[in-house]
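Just the one chain here, the form predicted on its own, laid out as structure tokens.
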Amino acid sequence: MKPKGIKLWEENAVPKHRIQWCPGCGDFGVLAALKQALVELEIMPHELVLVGGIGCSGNIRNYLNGNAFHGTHGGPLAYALGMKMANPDLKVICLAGDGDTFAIGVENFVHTCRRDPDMVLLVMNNGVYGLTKGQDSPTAGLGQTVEVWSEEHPPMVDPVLLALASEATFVAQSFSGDVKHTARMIVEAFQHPGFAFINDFSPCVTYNKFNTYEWFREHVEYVPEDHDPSDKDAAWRLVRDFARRGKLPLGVIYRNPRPRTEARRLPVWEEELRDVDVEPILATFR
């Protein structure tokens, strides 16, 4: 750990924004892991943009130094893709929630997996809409036995299975109760040349009394070392095997960079702004 590096990511953030998560919220672990990963990767604040949506998870961008954008519910991936198109040199990470991503934002999720832009999505998955008093999100019901379904409480969306079915090229899973492992997953996601998705189990201590820290510690299990993440069939078998045993895999489940041609739309920034005088705009910030 590099103390000066961590301090760099807290400058201009912590003094301005009081952290508003509930004491014990799993998002604290994600914040700590993200800072560790950024320091390890030696990414500087001006090289990165953090994109958040509506929800408790979206607040994480306030607690880190650097560039950030807070968009509407379900929109982070669309905003992030636009930023990457405008400036391909930026490193882009979306920090979103499960309701944000798998309800109103599910269309963006599926097609971002297909398009495979070079950016990261980390979902803080707690199974509820915590900001609006704990209604079920699309991932509600994890680990619960249900005999009869209803329209109000349908079967849950499994983020990992959806990502695999949507042709994502990097799919990993982590638990915010293990900060060191979550940081490792973030590092590997940034190193992946394409769209990297991490489903992080981030317990909501206020509204989800079933999927607690203790529950996750009993049910998570690390991906075995002999698992071949480049094998799509092996990834499907791994997830199904864990499910049959009532376990949740932690680690890189699938990673297989996709051969592709350079995106023709990139870069357009320098060409389109070649004759624009930005000095008057910059002067307003001085």
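Start at 1 with the first residue shown and count on from there. Computed from a prediction, not measured in an experiment: that's the story for all the values here.
As for the form predicted in complex with a small molecule, it is not shown, yet the points below apply to it.
Tell me which stretch of 142-150, 193-201, 94-102, 170-178 has a heavy atom within 4.5 angstroms of the small molecule in the predicted bound form. In short, 94-102.
Would you mind picking the one in Leu164, Leu81, Leu131, Ala183 that has a heavy atom within 4.5 Å of the small molecule in the predicted bound form? When the small molecule is considered in the predicted bound form, the option within 4.5 Å is Leu131.
Whether Val49 contacts the small molecule in the predicted bound form should be assessed with a 4.5 Å heavy atom distance threshold; does it? Val49: no, not in contact with the small molecule in the predicted bound form.
Please tell me whether any heavy atom belonging to Ala37 falls inside 4.5 Å of a heavy atom of the small molecule, as the geometry stands in the predicted bound form. Heavy-atom contact with the small molecule at 4.5 Å: absent for Ala37.
4.5 Å heavy atom contact, Gly29 and the small molecule in the predicted bound form: It does not: once the small molecule is placed as it appears in the predicted bound form, Gly29 has no heavy atom within 4.5 Å of it.
Report whether the minimum heavy atom distance between Cys56 and the small molecule in the predicted bound form is within 4.5 Å. Although the small molecule is absent here, Cys56 would touch it in the predicted bound form, with heavy atoms inside 4.5 Å.
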